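We begin with a single chain expressed as structure tokens, specifically the form predicted on its own.
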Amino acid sequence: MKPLALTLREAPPQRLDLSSLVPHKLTGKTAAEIARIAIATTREPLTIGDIFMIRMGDPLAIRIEGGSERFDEVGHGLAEGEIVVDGDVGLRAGRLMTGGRLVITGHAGPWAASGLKGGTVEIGGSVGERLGGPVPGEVAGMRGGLVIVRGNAGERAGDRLRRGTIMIEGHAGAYAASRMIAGTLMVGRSVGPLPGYLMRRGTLLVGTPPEASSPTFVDCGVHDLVAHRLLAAHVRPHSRVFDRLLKAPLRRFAGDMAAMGKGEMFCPPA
């Protein structure tokens, strides 16, 4: 069956909360009913029909044709099905997902995959700061699921990561894996200053040796671990970048010794 298609009429005049565009909220509705759904905005009241032209199809397969950095909360609470956005999105894409798949062909703003518990988020471009991190008032970030970023990520990617896997094929900004509680963060290229800052547990994999790492990480030598080969098999369907990286010997650093010190950072030998 064809997907439920929403075609952007024109660039939105204000920020839009698109958290209502998920399968469990659209199932059983007609095109007219979907068009009348109100959108939370910053100024003038708008509906889905004001912003999008609607072509009916399977609500478990939603396609948003045309994106904008003003599209906030895309895929919020997604539990099943798939949402594909042809373009950019704004704040908190994929927040609190428990299942399903969110695909963004363009860029995403800050706090993408915040509070993710399950499912998959794939971003074709780059992403803003605090990927998978907690919003103000929360004590833990992502709690499960898989996030794949084909471009770069801003500062504090994986902040307070609790569980799950984040793969960033490009660069990441400062404080990658900051305050990590558990889980896995992989960065295919370089990271900014102080990766793993105050991480307690978990694994950080970096494709380039950090230039400004914390002195509270301890060099444990170069290892060729069986666990990495098993992990390579797991990530192979999603990323050739990390499949190749995990098959080679890697230098291990233990830390952050300023916290619990049970985390680990891996990178190619210098």
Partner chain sequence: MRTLTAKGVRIDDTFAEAFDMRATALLITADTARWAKQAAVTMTGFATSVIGCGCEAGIDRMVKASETPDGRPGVRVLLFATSTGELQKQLANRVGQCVLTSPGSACYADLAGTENLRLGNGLRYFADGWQISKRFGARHFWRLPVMDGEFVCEATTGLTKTAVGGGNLLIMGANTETTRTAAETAVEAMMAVSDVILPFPGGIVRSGSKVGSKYKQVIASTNHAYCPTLRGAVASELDQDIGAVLEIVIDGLSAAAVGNAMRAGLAALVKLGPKRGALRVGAGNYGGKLGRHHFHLKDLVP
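Numbering follows the first chain given and starts at 1. Given the structure is predicted, the values throughout are model-derived calculations rather than measurements.
Another form exists, predicted in complex with its partner chain; not displayed. Remarks below refer to it.
- A residue is said to contact a partner when one of its heavy atoms sits within 4.5 Å of a partner heavy atom; Ala40 fails this definition for its partner chain in the model of the complex, lying far away.
- Proximity of Arg229 to its partner chain in the model of the complex: non-hydrogen atoms within 4.5 Å are present.
- At the 4.5 Å threshold, heavy atoms of Gly202 reach its partner chain in the model of the complex.
- Residue contact with its partner chain in the model of the complex: Lys25 places no heavy atom within 4.5 Å of it.
- Using a 4.5 Å cut-off to its partner chain in the model of the complex, not one of Leu46, Met53 and Asp86 places a heavy atom inside that distance.
- Stretch-level contact analysis of 88 to 96, 71 to 79, 109 to 117, 180 to 188 against its partner chain in the model of the complex, using heavy atoms and a 4.5 Å limit, identifies 180 to 188.
- In terms of contact with its partner chain in the model of the complex, the residue from Ala212, Val218, Ala233, Ala32 that brings a heavy atom within 4.5 Å is Ala233.
- Contacts of stretch 231 to 269 with its partner chain in the model of the complex, defined by any heavy atom lying within 4.5 Å, are made by Leu231, Ala233, His234, Arg252, Lys262, Glu264, Phe266, listed in sequence order.
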